[in-house]
Ligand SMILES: C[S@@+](CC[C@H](N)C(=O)[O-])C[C@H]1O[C@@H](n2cnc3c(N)ncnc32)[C@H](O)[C@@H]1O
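One chain comes next, on its own, written as structure tokens: the form predicted alone.
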Amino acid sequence: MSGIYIHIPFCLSKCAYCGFYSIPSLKRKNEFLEALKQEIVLRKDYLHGWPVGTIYFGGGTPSILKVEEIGTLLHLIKEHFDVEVDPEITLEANPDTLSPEYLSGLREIGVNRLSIGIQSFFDNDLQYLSRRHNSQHARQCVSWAKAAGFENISLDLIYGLPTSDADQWNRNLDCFFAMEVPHLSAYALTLEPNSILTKQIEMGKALPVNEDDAVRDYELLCRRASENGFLHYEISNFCKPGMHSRHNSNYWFGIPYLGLGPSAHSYDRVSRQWNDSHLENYLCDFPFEMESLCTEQRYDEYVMLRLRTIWGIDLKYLKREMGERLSSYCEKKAQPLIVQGRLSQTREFLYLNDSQMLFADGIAEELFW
């Protein structure tokens, strides 16, 4: 199986905390869509015939596209790629861009999973983050999505906000669980170097972020998710059994994927490439950079990604795909971490202990080549 990611770079406005490539204007949307259609055709052989099991529209704000525009892109992908009979087709959406009619249209063209950027059910948090929607929109759009027939719905929340104390974060989680949707992606507020929010904090115009608050909120999140029957399958992702994101799991399992649009990344198991992050350049000739991956780089990436998940590092896979040398190296480097209680090992897997999930990146570095 393989996946296709389509980056839609346009937004109606730029959120204060955002570090992704996006453009707060729709001026060149039509030019972009024509270029994207060309790229789909030009890259049709990248996946070497692997069947496409997931298609993911990310951004930016993909839900600013018309239903007809999304439908045209899906038709073109199915025309030029070997798409499975029942692929997971995800659209990221912001509450202020959704309506009952729009959601019904998405279902009709085959979109079967929504990832909605709620971020918070409280207006003071949303104002701090410069979100366009309010708490009423947040609740309403989930009801509309269900009424349109969407069952596979994921909501995004942000924790560690200086506008939210422990009680408000707990009530945020109450709101989420009351929605009865099967997936939650929750992220700590991160200050990106060039974001509006970072600059506002530096100038004393916005409240600073406290890392201790983020740890407190994360621990509550993990406990509440478990109590409500959610599987904590990746550091930032929680789901009801069987409702994990198939597309995002492709990344963590090292499954090939094609990225389309400016700043999108692609991976075919032997190399990685990434498109230029500027729309002007993308519209000219789809420039990209490429890196061939040696076995040691593939090992480091596998360790980093798999440690973030409930599945952990598959030692048999390491030995089969990367050789006895790297498999033995990994086990040897893991032994002190096991003694320290940071890692656990079964016969075939190495995985993080629950209390160490927040430290996954640091632990992975200790296993790197």
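Counting begins at 1, following the sequence as shown. What you see is a predicted model; the values in this text were computed from it and never measured.
Just so you know, the form predicted together with the named molecule exists too; it's not on screen, but the next bit is about it.
- In the model of the complex, the named molecule sits within 4.5 Å of a heavy atom belonging to Gly117.
- Among residues of the shown chain, Glu219 is not one whose heavy atoms approach the named molecule to within 4.5 Å in the model of the complex.
- Contact annotation for His247: none of its heavy atoms lies within 4.5 Å of the named molecule in the model of the complex.
- Within this chain, Leu258 is remote from the site of the named molecule in the model of the complex, having no heavy atom within 4.5 Å.
- Contact check at 4.5 Å (heavy atoms) against the named molecule in the model of the complex: all three of Phe20, Gly60 and Asn94 pass.
- Heavy atoms within 4.5 Å of the named molecule in the model of the complex are found in one stretch of 139-147, 270-278, 185-193, 290-298, which is 185-193.
- Of the listed positions (Asp213, Glu234, Asp156, Glu88), a single one reaches within 4.5 angstroms of the named molecule by any non-hydrogen atom in the model of the complex, namely Asp156.
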